[in-house]
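Just the one chain here, the form predicted alone, laid out as structure tokens.
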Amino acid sequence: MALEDTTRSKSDSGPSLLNAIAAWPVRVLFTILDVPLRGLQRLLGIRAMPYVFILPNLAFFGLFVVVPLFINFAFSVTGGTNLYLDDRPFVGLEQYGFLFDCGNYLDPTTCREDRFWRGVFNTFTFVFFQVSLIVLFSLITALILNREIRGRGFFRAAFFFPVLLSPVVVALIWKWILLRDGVLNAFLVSMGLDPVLYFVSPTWSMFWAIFVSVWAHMGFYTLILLAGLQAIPPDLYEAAEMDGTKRERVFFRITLPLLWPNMLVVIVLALIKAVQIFDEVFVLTGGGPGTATQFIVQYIYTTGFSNQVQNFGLAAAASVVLGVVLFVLTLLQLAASRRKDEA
């Protein structure tokens, strides 16, 4: 018995010794940092220490978010093609007036900057169909994955996997599938059908832009709705089953009302994401054919950087307009989150 205890103590001392060696650099680092932090605490007081810890984050946020916002607004009220603000003349709201100079806002051809309004209409079309489909399919998928089915863990991971991929990778995969000599057309040819030029037709291009975006992002929203479904007390379903309530009535009277806060968050987040769509569609269709799939962010990119004559002021003005829209959507998200917490 004593021999076993001695052997066990020797075997236990090995991992403990390794842990002590591994923890030694961390302890040295903490000891070095402890001296200035204690000095700051004596100098500023304990209540000011939280601000000391968040100061680096605030500095980075200010440097890479707040300052660029002010620079962007400064560009939006200047003209010319020079890069530096000192070389650009002040034009006030002329860039905004140029963007909104339209005879009929429902007809982009009557606008001076028709490419911007085509981008607006394309973005509105994309947002309407993409958000509607992504909410619908995410809800259906969440309801299925919330049931006791075989391989439920596998299917949950499979639906979430596209979210982990880079948007550029997603677009390249689907472009490889949809090209004239791609996988999908190869399958059609093997069935005796003619290949389809998906990126030549405006309708097909918009359809696949929406489809690929829904496929890539649906898993994230499904996860949010699945969490909401699992938070619903099962006692409510048991009581409804004992009363003989029909399934559709249970869904509309129990599931949907209790899931609505999560649904609202999903709708607002999907709206914010859809309005900012750029990389997936840019790689997939390049905004074509023509301007059929050119959205607002791509208009800003091409106007400010891609065109032969780079109009930084007009691109900055368009980005400010987009920023206002995103700010409103963010306020809606905060209101939805607050409402969810109160519920």
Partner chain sequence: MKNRLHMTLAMGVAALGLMAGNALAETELRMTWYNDGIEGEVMRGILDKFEADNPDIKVTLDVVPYKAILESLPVQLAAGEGPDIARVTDLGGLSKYYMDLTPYISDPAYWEENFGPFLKWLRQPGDTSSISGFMTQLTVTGPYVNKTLFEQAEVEMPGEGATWDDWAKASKEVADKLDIPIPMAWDRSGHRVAGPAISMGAKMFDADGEPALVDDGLKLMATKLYDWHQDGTMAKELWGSVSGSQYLGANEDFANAKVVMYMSGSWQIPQFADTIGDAFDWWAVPAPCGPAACTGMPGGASLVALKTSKHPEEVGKLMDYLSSEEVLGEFYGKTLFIPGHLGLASKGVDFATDDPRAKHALSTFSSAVPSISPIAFDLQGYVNNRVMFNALISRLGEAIVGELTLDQAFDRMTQDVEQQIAEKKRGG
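Source: prediction; values computed, not measured. Residue numbers count along the first chain shown, from 1.
Form predicted in complex with its partner chain: not shown, discussed below.
The shortest heavy atom separation between A292 and its partner chain in the model of the complex is within 4.5 Å.
Contact check for L197: a heavy atom falls within 4.5 Å of its partner chain in the model of the complex. In the model of the complex, its partner chain sits within 4.5 Å of a heavy atom belonging to G80. At the 4.5 Å threshold, heavy atoms of V120 stay clear of its partner chain in the model of the complex, well away from it. Taken together, the three residues P108, R112 and N307 all lie with some non-hydrogen atom within 4.5 angstroms of its partner chain in the model of the complex.
Exactly one of the stretches 216-224, 267-275, 91-99, 128-136 approaches its partner chain in the model of the complex with heavy atoms within 4.5 Å, and it is 91-99.
Along 171-195, these residues reach a heavy atom to within 4.5 Å of its partner chain in the model of the complex: R180, D181.
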